[in-house]
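Shown next as C-alpha cells: one chain only, the form predicted on its own.
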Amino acid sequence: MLKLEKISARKGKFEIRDVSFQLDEGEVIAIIGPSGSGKTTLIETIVGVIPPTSGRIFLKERDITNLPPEKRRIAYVPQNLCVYPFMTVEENIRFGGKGMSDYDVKRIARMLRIEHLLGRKAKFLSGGEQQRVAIARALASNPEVIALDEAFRGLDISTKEEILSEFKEVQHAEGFSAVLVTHDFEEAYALADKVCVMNHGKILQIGSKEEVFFNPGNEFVAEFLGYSNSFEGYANGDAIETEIGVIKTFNEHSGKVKLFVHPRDVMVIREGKPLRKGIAENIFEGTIKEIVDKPNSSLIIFDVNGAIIKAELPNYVVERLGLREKMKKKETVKISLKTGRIIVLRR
C-alpha cells in the first residue's frame, strides 16, 4: 500500500538514511525514537514537504516520490494542528475537501463527535475539540493515508484517551492507513499495528508492536523502551552467570551476553504463595533502597547483592505487601525476574 524504498532526505544539517518499510492497507505504523532521531523529517518526506535525496515512495504501486503534497492522497496533521481559528468548524472541514456535500460534512463531524460544533469558530474550541477538527479536516480530503506528527500531544489524560479511542474507531470504519509520530509509548501501542524505532536518522527496529515492545532487538531499543534492569553475563545453555547470580532462561544461549528486564517484569514474592513456571526460576533477595511514587504505580528500587534492580508495581500492591514498612525496617524481600520476559542479546 505505502512503500518506502531506501529513502534518504535532508532537513538543514539533519539527514535520514536508507529508510525502508511497507504499510499495508488499513494498517497504522507508529514512528518512535528520541528527540532528533529523524521522525519529523521522515513524516515530512512521506507527505512531500521535504524532497528525498534518494530512494522511492510508492502509494498503491503509484510512484509519488516527486509529486507535490496535494497530489499524493496523504493527509497531514502536524504538531501545531493548523486549525484556522477564524473559520467555523464546518469551514475548516470544507477547506480539507473541496466541493463536499452537506451530508459528508455532517457524517465526518458525527464520527468525531463535533457535529454540534459545526457553526462555532475554531478559536473558541478546547484543545481536544481542535484536535477533532484537525482530524476531520484531514479525513475530508478522502486520503489513502493520514500522517500525524505528535498530533495528540498536550492533551490532558482523559481527553487524550477519549480521542485515541475515537480515532481508532474512525480509522477502522473508514479503512485508511496511518503513519503516527509520537513520543508516547502508550499512544503508539494503543493505535499502531507496527512500530518503527529510529535513532540518528536510521531505523533500528521495525515489526509488530508486540515484537518491538516485548522483544527489543538491540541494546539501544531495549534501553529506549525502558528495560532499565541490565546485567552482563556468560551463558551456558539456559543458565547465565551474572553479577547477581545465575539467571535461567527458557531458551539456550552461549558466550558473552547482556540481559535486559523491564521493571514491569519484576515481581515481589509473597511468602507462602505457590509459584508457577516462569516466576519460580529467578528468585533473588534484596532490600528496598527507595520507593518512587507515581499516580497509578510505584517504582521500587532494590539492592540485590550490590546491584540495583527496579520493579514497577501498582500502588495497591505496594500497600498490600507493606513494602514501605519493609523499607523502613530494612527487611529482606524476595523478588522474581519473569523468565519468559528476559531479553538476551549477544555481546
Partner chain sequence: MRSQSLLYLSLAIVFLFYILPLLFAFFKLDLGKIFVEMDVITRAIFLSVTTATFSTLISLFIGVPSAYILSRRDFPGKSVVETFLDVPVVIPPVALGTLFLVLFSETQVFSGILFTPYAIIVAQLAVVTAIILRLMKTVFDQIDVSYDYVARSLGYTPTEVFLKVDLPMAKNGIISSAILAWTRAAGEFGATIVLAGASKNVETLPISIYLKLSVADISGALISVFILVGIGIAAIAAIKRLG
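Remember, it's a predicted structure, so these values are computed and weren't measured experimentally. Residue numbers count along the first chain shown, from 1.
Another form exists, predicted together with the partner chain; not displayed. Remarks below refer to it.
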Among 284 to 292, 64 to 72, 312 to 320, 25 to 33, which stretch sits within 4.5 Å of the partner chain in the predicted bound form, heavy atoms only? 64 to 72
Pick from Pro263, Gly233, Pro78, Gly201: which has a non-hydrogen atom within 4.5 Å of the partner chain in the predicted bound form? Pro78
Answer option from Thr159, Thr242, Ser141, Gln205, heavy atom within 4.5 Å of the partner chain in the predicted bound form: Ser141
Using the partner position in the predicted bound form, report whether Val246 sits within 4.5 Å of the partner chain, counting heavy atoms only. no
Is there a non-hydrogen atom of Gly128 within 4.5 angstroms of a non-hydrogen atom of the partner chain in the predicted bound form? no
Partner proximity in the predicted bound form: Arg137 to the partner chain, non-hydrogen atom cutoff 4.5 Å: yes
Can you check whether Ile43 is within 4.5 Å of the partner chain in the predicted bound form, heavy atom basis? no
Each of Ala190, Val212 and Gly226 near the partner chain in the predicted bound form, meaning some heavy atom within 4.5 Å? no
In the predicted bound form: members of 37 to 55 within 4.5 Å of the partner chain, any heavy atom: Glu44, Val47, Val49
